[in-house]
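Below you'll find only one chain, the form predicted on its own, shown as C-alpha cells.
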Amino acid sequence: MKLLPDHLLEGYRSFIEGRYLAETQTYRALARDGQTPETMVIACCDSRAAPETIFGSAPGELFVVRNVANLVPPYSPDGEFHGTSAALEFAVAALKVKHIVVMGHGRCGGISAALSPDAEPLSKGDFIGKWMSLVRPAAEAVGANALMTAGERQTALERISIRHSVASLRSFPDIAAREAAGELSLHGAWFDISSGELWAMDPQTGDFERPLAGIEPLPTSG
C-alpha cells in the first residue's frame, strides 16, 4: 500500500524542487520566528476556490480556515467543539490579525444544499444539513422567490450568507472591540470560479462590486 497517492508525491516533488528552493530563506525564517500574517481568510473547503491561489499569497501571508460554505457561527462559548471559533480566537487574540475576510464563491455545494432542504441527507448524521441551518431563514426566503431563476437564487444566497457571516463575526466580543478601536477590519468577498472575477462587499451598503473592474479575465472557450 502506498504511503501517499502518486499525484500528491509528484506535487510535493514540484514544490520542493521549485517554490521551496526559491523561497528557502522565507520558510526558514517562518520556522524560526513564527507566523505573523496580517490577514485571516474564512473560505469554503471547495477544492476549486483556494484563497492562497486566488490572492497569490506567499508563505506566511494568510491565516486560512476553511469550512463548508465559509460560514461563521455566532459566538457561543458552550463547551462544545467549535473549529471555526477556535481559529478566530487564535487569529484575533494571538496573531493580532488586522483583517478578516469572509470569502464565498459561485456554485457552492453547501449553499445548494441549503436551498434544497428536502434533498436526501448524505449521511444519517446530516452534518451538512445541521451546519447549513445557520443560514436557514435566508435560504427559505430566497428559495421562496419564484421570480428568480435557480442560478440567481444560488448567487443571491451565496452573497447573503457572506453578509450573515460578517455579522456573526461581530458577535465575538474581542472582534467587536478591536473593530471599534480601529485595530481590525472585516471584509466580504465572492469569487466566480467560471470567470475568475473577484467581487468585494461594500462595508456600508453590503453590495458586491468588482474592486479591479478594469482587469478583464482571459476569455474562455465554451
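Note that the structure is a prediction, hence the values are computed from the model and not measured. Just count from 1 along the sequence shown to find any residue number.
Below, we refer to the form predicted in complex with a further copy of the same chain, which is not included among the displayed structures.
In the model of the complex, a further copy of the same chain sits beyond 4.5 Å of every heavy atom of S116.
At the 4.5 Å threshold, heavy atoms of R163 reach a further copy of the same chain in the model of the complex. At least one heavy atom of V68 is located within 4.5 Å of a further copy of the same chain in the model of the complex. Proximity of A181 to a further copy of the same chain in the model of the complex falls outside the 4.5 Å heavy atom cutoff.
Annotation for 163 to 194: interface residues with a further copy of the same chain in the model of the complex are R163, F172, D174, S185, L186, H187, G188, A189, F191, I193, S194 [heavy atom within 4.5 Å].
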